[in-house]
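In structure tokens, the next block holds one chain alone, the form predicted on its own.
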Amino acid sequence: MANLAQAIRMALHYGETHLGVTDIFGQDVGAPLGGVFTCTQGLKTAWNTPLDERGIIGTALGIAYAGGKPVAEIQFCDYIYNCIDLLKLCGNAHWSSAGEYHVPMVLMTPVGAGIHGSMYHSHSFESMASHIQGWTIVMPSNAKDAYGLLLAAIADPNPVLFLAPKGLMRAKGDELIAGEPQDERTLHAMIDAPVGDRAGWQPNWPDLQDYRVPFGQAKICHSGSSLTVVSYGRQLPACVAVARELEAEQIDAEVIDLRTIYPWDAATVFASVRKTGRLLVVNEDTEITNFGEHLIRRVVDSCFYDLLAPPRMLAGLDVPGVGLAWGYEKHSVPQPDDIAAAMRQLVAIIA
């Protein structure tokens, strides 16, 4: 099975071969590195830029306006904050032109903790991004969804922000991507660049197929009736694992992978909450003005009389950064024990 980084790479290859991608670029995106997480190795349209986030986004906007289809990367989301005004320009172009102009660009950036990145490489960005209108925002939790969401992003005529969880880049999927070989060693030999001299290396791409995950369509990853757990990205697999463990305690959690931050699948979330009466939102962005608060507000507005307990959010601590020491990092963002405790506490509340 492909890991998440390989899935992104295969989606980009399919995009430049079948969906009209003209440019894939960013810091260290081209040869010889192929991206700090190896997501762009071997791609024919990949090229390197200076270390200039504003220049990267401005160039992507210009290429899109000129009729190209760019996929740009900000190497870490921690360095995207000086580009908020440019992101707003990209997002409002279609609306402000009364639908006359499109901006067919994809902006990829890795997010979150889990790689010992300390305060400069561990931020989350989805809550901030959700305030920038005009962008579709996606965050996969597994390799197959990464492939499908990225192809949907490339095909979309307007800006899509593709948030790849740093801590899941080497996580292997549990479902085959259409066209990938079943043996992961075969895939590795085909598309992973060798260590050392890569001057003569060329990938041997598998016969990949078109597969797209529709925007705004969540996935129920674990069915249940005791409480609803909504998550995405790196925290989603942890929520599923905890839900399976707590079955032994007769705690029957329904875990929903949001997949798309905006637009998000309100219908699936509301239907689950109306069934379970309880809601826990889990992510690792800081808890103040967290996107999870928006989800809770919408659930309270629409499902108030179905709730058996106050909705709860489990998120990152309200601190300026994530510590380098592993103990500090684990304390800064939710861990499986924290998720289990939150589930137990919510189920224990008697209406």
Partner chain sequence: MQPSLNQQNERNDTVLTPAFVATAGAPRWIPPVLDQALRLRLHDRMVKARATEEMLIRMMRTGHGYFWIGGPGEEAYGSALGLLVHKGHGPAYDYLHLHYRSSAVVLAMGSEPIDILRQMRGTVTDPYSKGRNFVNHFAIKPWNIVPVTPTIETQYLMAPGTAHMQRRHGGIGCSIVTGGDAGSAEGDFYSAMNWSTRPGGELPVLMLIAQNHYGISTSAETVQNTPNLHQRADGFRIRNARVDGNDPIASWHALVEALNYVRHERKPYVLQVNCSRLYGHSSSSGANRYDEPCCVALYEKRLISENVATETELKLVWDKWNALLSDALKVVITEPMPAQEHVLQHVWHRGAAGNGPVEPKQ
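Please read all numbers here as calculations on a predicted model, not as lab measurements. Positions refer to the first chain, counted from 1.
Below: the form predicted in complex with the partner chain, not depicted.
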**Report entry** the partner chain contact at Gly117 in the model of the complex, heavy atom, 4.5 Å
**Finding:** yes
**Report entry** Partner proximity in the model of the complex: Glu254 to the partner chain, non-hydrogen atom cutoff 4.5 Å
**Finding:** no
Requested in this report: Could you confirm whether His94 comes within 4.5 Å of the partner chain in the model of the complex, counting heavy atoms only?
Outcome: yes
Query raised in the report: So in the model of the complex, does His121 come within 4.5 Å of the partner chain, heavy atom to heavy atom?
Result: yes
**Report entry** Interface stretch in the model of the complex with the partner chain - options 173 to 181, 261 to 269, 243 to 251, 141 to 149, non-hydrogen atom within 4.5 Å
**Finding:** 261 to 269
Query raised in the report: Looking at Gln209, Ser225, Gln202, Asn82, which has any heavy atom no more than 4.5 Å from the partner chain in the model of the complex?
Result: Asn82
Requested in this report: Using the arrangement in the model of the complex, list in sequence order the residues of 96 to 112 with any heavy atom within 4.5 angstroms of the partner chain.
Outcome: Ser96, Ser97, Ala98, Gly99, Glu100, Tyr101, His102
